[in-house]
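Structure 1 and structure 2 below are the same protein chain in two forms, each given by itself as structure tokens.
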Structure 1
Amino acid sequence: MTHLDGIVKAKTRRAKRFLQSREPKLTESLKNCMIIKGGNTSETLSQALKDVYALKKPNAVLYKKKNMVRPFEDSTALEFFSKKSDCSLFLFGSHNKKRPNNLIFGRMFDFHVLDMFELGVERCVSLKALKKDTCPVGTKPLLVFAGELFDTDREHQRLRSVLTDFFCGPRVSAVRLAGLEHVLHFTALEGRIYMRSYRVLLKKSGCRTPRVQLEDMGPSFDFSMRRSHMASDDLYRTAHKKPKGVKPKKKKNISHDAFGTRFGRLHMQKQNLDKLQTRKMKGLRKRKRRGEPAESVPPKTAKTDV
């Protein structure tokens, strides 16, 4: 690839395919996540990063080397890593005396930081500590958010949006019952955010619908809210703007009732019932009335051979 006046041109077919994969799309591809270690990390934090990476595989990139990055002071390094690895989500872990066991969840827009939230790990139960069966890699989790703060507080609402983007998994049109194997539960209460991970077990219930039982699978975290960086309302609306090709075309004169029944309205011209063609029968044939003049019928002309 060569750079010419700010435009990247491909020299080979492989480079051309690579540039096409990075071009904007009407339907965006699955969001990847990069997990980065800071300059100093504790054992608890390192295990927490590995556990989140286990939940996100295979749509995640784990950077094992330490990086001297301070996202709230300078996000240039994060934007560089985002462009290099083509990741729009990131998780950064750091540890110091002022902010111990620090996790930063964030997302990008056009390779620039859009939102990020700093959460402190107050308590952590890793996957190794529980030693339970885990879900297969790539399982789409069911997300549950409990607590009034997720509905009333603006900061928690934006955090819920970030966590949804981070853990939602691939977009699917339908989900079968047996595919609900993993549940992630987030609870906001008294300034704390509790994250729990459960494995769904379908037991026999004596009827067609199985009995659902949740088993603690791990990891489990108790977070405390610290700092946050939220995009402005204009930038947030720009990031969520949908292209015209994705928006469904509005169909006129179609409505639905409360039960989902579809109704359509047709517009027709006024009909002249006198000219309506009916079944041809002798009884329906028009007859002459008394006193009415007979219709003038043009005389038949004799055929002549030319």
Structure 2
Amino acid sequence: MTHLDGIVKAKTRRAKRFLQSREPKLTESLKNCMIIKGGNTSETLSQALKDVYALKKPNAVLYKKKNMVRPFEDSTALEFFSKKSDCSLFLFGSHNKKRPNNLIFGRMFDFHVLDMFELGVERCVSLKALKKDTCPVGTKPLLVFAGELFDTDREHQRLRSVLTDFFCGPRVSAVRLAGLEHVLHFTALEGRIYMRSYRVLLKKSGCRTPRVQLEDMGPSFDFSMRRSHMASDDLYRTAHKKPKGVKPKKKKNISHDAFGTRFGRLHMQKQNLDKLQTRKMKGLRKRKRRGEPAESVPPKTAKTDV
């Protein structure tokens, strides 16, 4: 589809804007997610998928129909879906006897699968069951990961990266302090990952920073780690490559000293100090001119004398 971009021109301005929004950008701010159901899904699983969709609301697509796809064997169908809907994150849910309540969290690079993690849902408490009022749609959640497994085990490290990517929301430059309402807490313990979602209540404390009180909200899941597919090192490195325009240019020849004074450096050509152009001051000119009239006068007088 990319090679057709130049050849097939958009006929309306709306179509042109749509195609431009799908083009690769220098700095990426948003990743869309697609939520797909597999050949067979259970009640808990469908509920779990709907809850995650609710968490990711404006930037997610929930497919209603079932798709006979096996991501770990053949990911071409997923890649096709992602290309069509321009989604680089996916969540695939399926249920069978061997792997009950299976959720696959995955992400793509250039519409090819980068990482995939299969997690089994042991326990799920859905939004509906709790019946508490939720945060407004689209709030950027606070993410907390706890557990040393997330640091020591390589798979868990990658899973942490995938979950961050999944739930972090759009990249923003500033955030409203009163609007930090939602927190997602992941705990890694004994091969299980507990995901909890709380509502943050900021209470008054003695100083400027408020006291945090949490209120149960939102879906909570208990995951167990199953299979995983991690990207090869060079693919992972290619995916992290930063384009040239992003790095800020270093300003040369400017330095600061201890007091904060700003110093600059000038580089000059070699100057001939004899022929330096300076300001002209009449009084400082050479005495040559004054000497001449005095010299010319005496010969005349000499003549008359004789």
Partner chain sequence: MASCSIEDVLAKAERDEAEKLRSIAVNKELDLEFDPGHLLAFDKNRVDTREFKDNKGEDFLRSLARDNTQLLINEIWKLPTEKVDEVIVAKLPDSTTPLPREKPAPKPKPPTKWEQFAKLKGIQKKKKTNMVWDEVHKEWKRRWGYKRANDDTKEWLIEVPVTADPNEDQFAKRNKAKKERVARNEYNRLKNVARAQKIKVPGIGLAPTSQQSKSELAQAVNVAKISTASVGKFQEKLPKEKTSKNTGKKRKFQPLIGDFGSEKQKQLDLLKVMDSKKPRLDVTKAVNKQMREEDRESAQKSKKSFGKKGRKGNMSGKGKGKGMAGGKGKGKGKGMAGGKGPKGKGRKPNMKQGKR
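What we label the rigid core is the largest C-alpha set whose atoms superpose within 1.5 Å from one form to the other. Numbers given to residues start at 1 and step along the sequence of structure 1. No experiment lies behind these values; they were computed from the predicted model shown.
Undergrad: Which number, 1 or 2, marks the form predicted in complex with the partner chain?
TA: Structure 2 is the one predicted in complex with the partner chain.
Undergrad: Would you tell me if L276 moves between the two structures by 2 Å or more at its C-alpha, with the rigid core held superposed?
TA: Moves: yes, 2 Å or greater.
Undergrad: At a 2 Å cut-off on C-alpha positions, does R265 qualify as shifted between the two structures after fitting the rigid core?
TA: Superposed on the core, R265 moves its C-alpha 2 Å or more between the two structures.
Undergrad: Do you see a C-alpha shift of 2 Å or more at I254 between the two structures, with the core held fixed?
TA: The answer is yes, as the C-alpha of I254 shifts between the two structures by 2 Å or more after core alignment.
Undergrad: What is the C-alpha shift for K16 between the two structures, rigid core superposed, to one decimal in Å?
TA: Comparing the two forms, K16 shifts 3.9 Å at C-alpha.
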